[in-house]
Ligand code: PMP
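One chain comes next, on its own, written as structure tokens: the form predicted alone.
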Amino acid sequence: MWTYLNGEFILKEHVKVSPFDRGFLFGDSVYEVIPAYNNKLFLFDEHLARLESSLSIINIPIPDFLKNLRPLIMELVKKNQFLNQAIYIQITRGVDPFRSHVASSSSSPTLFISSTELEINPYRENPMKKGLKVRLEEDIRWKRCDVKATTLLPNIIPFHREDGLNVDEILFYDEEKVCEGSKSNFFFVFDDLIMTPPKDQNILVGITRNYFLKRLQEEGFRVLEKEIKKDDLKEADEIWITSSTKEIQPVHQIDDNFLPEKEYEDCYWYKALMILEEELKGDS
């Protein structure tokens, strides 16, 4: 398995990062995950724009190496050979001569890229598969979730409690407002209306979220960005998650509330998945 670090392709077992890198010491870094299907990057420009936005918000100057990011990624994809891959990109503020909250003026950004095989969405192969189990958690994260930062401790804590392994995803809420998942965005269906929390509600505006918003609207579905309350979840006909590596997957249960049983052909999540599948076929 090959990786890329600061100008060099390195085998995974040999890659090393300085413990004085600010990404290691402070989580002073941002990241992106980009899917590649049939050795073609999906929504690359949108991911790059969000990466540059994250860097700008935390005042890491846009590095020159981003101009060559696509060919770097494609070379890594070629080296790792898998037909479908998930590419992880992390940029830190760089290595300091000693630990300090204030970065050294001599620090330059660190670029690390790795890729793994992207598993086929199981709901493509078996849309009758039972949906995900989700747990509600109070949102204790920082108030800049629009930055795709590597500081994800609040996102992973719920999975490392004794009961954390009994769920597939966490759905965060702030007071009574539903926000997003620990690693995904959420959509909710009420009758024939598809809804998702608005981007000003302290969520990461997912690239896949935006893709489905746009494509579903283009196909004539009723889609709305709107605040959703915890109590509304009991009235939902469908709930699904979206992310770059999970694509779109249905939810079967939130806490003790079970979603209505429906034929998958009648479900909006399945119709959305078919839109994506047709697009990927067209790109192959």
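Quick note: we count residues from 1 along the sequence shown, nothing fancier. Since we're looking at a predicted model, the values are computed, not measured.
Only in words, not in the display: the form predicted together with this ligand, which the text now covers.
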Practice task
Tell me whether K40, K78 and F112, taken together, all sit within 4.5 Å of this ligand in the predicted bound form, counting heavy atoms only.
Solution key: no
Practice task
Mind telling me which stretch in 129-137, 101-109, 206-214, 187-195 gets its heavy atoms within 4.5 Å of this ligand in the predicted bound form?
Solution key: 206-214
Handout entry: Close approach of G94 to this ligand in the predicted bound form, 4.5 Å, heavy atom
Key = no
Problem - Exercise: Y31 in contact with this ligand in the predicted bound form, heavy atom 4.5 Å - result: yes
Problem - Interface membership of Q249, this ligand in the predicted bound form, 4.5 Å heavy atom rule - result: no
Exercise for the section: Would you please decide whether N155 lies within 4.5 angstroms of this ligand in the predicted bound form, comparing each non-hydrogen atom pair? Expected result: yes
Practice task
Quick one: from R124, K177, K199, K183, grab the residue that has a heavy atom within 4.5 Å of this ligand in the predicted bound form.
Solution key: K183
Handout entry: Sequence-ordered list of residues in 230-263 near this ligand in the predicted bound form, where near means a heavy atom within 4.5 Å
Key = T242, S243, S244
